[in-house]
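Read the single chain below, which is given as structure tokens and is the form predicted on its own.
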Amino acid sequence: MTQDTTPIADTPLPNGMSLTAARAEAERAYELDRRHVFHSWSAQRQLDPMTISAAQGCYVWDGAGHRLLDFSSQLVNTNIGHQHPKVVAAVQEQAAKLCTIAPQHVNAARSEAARLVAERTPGELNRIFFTNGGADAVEHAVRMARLHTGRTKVLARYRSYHGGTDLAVNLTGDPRRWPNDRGAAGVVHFHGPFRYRSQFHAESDAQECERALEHLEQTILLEGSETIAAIILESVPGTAGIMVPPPGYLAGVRELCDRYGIVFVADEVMSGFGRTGRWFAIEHAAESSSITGESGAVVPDLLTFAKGVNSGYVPLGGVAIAPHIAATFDDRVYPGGLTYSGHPLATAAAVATITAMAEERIVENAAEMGERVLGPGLRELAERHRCVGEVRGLGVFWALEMVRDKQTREPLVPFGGAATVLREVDAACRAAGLLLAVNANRLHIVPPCTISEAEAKEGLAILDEALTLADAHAA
């Protein structure tokens, strides 16, 4: 279904700019960008980046004034949507009150943000250390775990992403680690559960769970349990493919950590704050465990967050800390800090975001849209298109596994290869008014948690038509 995204001449954008003024600004911004800005994860000469002139709700407007439905949430972080008026107002009010203050001093915005985060984390993760983003949250979580245990090694799974700083990218289990891989001391990778591409020849979720846990325990024993400080896992791996763990897996990891005295770090940077239809994705693990046969919350020792905590309006991340970890530093100096830890503008945005999410039932909306619209709609697309091998996800956190052959499951794009075919799909979607997230051999469907049924169906219709381009490359 091709959308007419041609802007009406000089129609004002949501930010009040005329189309003429917005285009002039966009042209200058693009020229200066190409002259001076160095972009992340990119070969600079090959770039032709899209300029964004305005955003509102679930939509963005490009430099020419075309409106696009944002099914990427930018970097899966605008959980509350773009330009939410309550968050914008909170940042403005905080700027007038207190723009910045050193982190050794108390400020009201940081204190209230810490309370609101602690209220929503599982168990008693009641102490909050604020960072500037997700990667440094991971860095500090690992540092805390090492100091608490007196051990060095950290286990992380293949098919994971934990950030772009030196330790975080070495913990990462995707191809972006390769050029940066200098074997950060003590990092060990293992295979997590992923039944569609199982390393364990599993024929059921229960088998995948059991064999993945056996593999993890064997890794622990072979590496020496007394040398391992932490196991870090994304509660639902995001960038690497949105692989929802089978029932019982996270409970099993928790049990292994308890058995061997290992700190369990849950990385909720991408999956937290409503993305899966819960405040934190690890809450899904509270359902009946295939390991214990009992129902109960799975509580990590440390939980990292960023992105959705304030939808990226001002950079912010953090670590939620269990009492027994925090107690390590009651009378021992924690050797770490940041100039902008708990920055007033960032934490004021977090307070407004979390409050609005609760008052407007945004987390519940994400759950409903996933269960009633996105999940069924994407599965219908998989039935119609031979290029779609699997649909995975929860809430507003979905991936389409793109294949050349549904029987052999050969990826449409080789692991670590260039996603040329999917770039064609992405370009077709953009031309029709839809902004997607493309990663390796997958399309990620990750709109804001505020998306409406009509908007979700609009995006699915555009995607349906664009997938015919990938069908031409599938058996």
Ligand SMILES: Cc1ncc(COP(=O)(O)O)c(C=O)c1O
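Just count from 1 along the sequence shown to find any residue number. Quick caveat, the model's predicted, so the values are computed rather than measured.
From this point on, the text means the form predicted in complex with the ligand, which you will not see here.
The listed set Leu216, Val187, Ala145, Ala135 contains one residue whose heavy atoms approach the ligand in the predicted bound form to within 4.5 Å, identified as Ala135.
Only one of the listed residues (Asn365, Ser341, Thr239, Thr121) places a non-hydrogen atom within 4.5 angstroms of the ligand in the predicted bound form, and that residue is Thr239. Although the partner is absent here, Tyr161 lies within 4.5 Å of the ligand in the predicted bound form, judged by heavy atoms. At the 4.5 Å threshold, heavy atoms of Glu234 reach the ligand in the predicted bound form. Among heavy atoms of Met270, some come within 4.5 Å of the ligand in the predicted bound form. Looking at Lys307, you'd find a heavy atom of it within 4.5 angstroms of the ligand in the predicted bound form. Only one segment in the set 162-170, 398-406, 92-100, 205-213 has residues whose heavy atoms sit within 4.5 Å of the ligand in the predicted bound form; it is 162-170.
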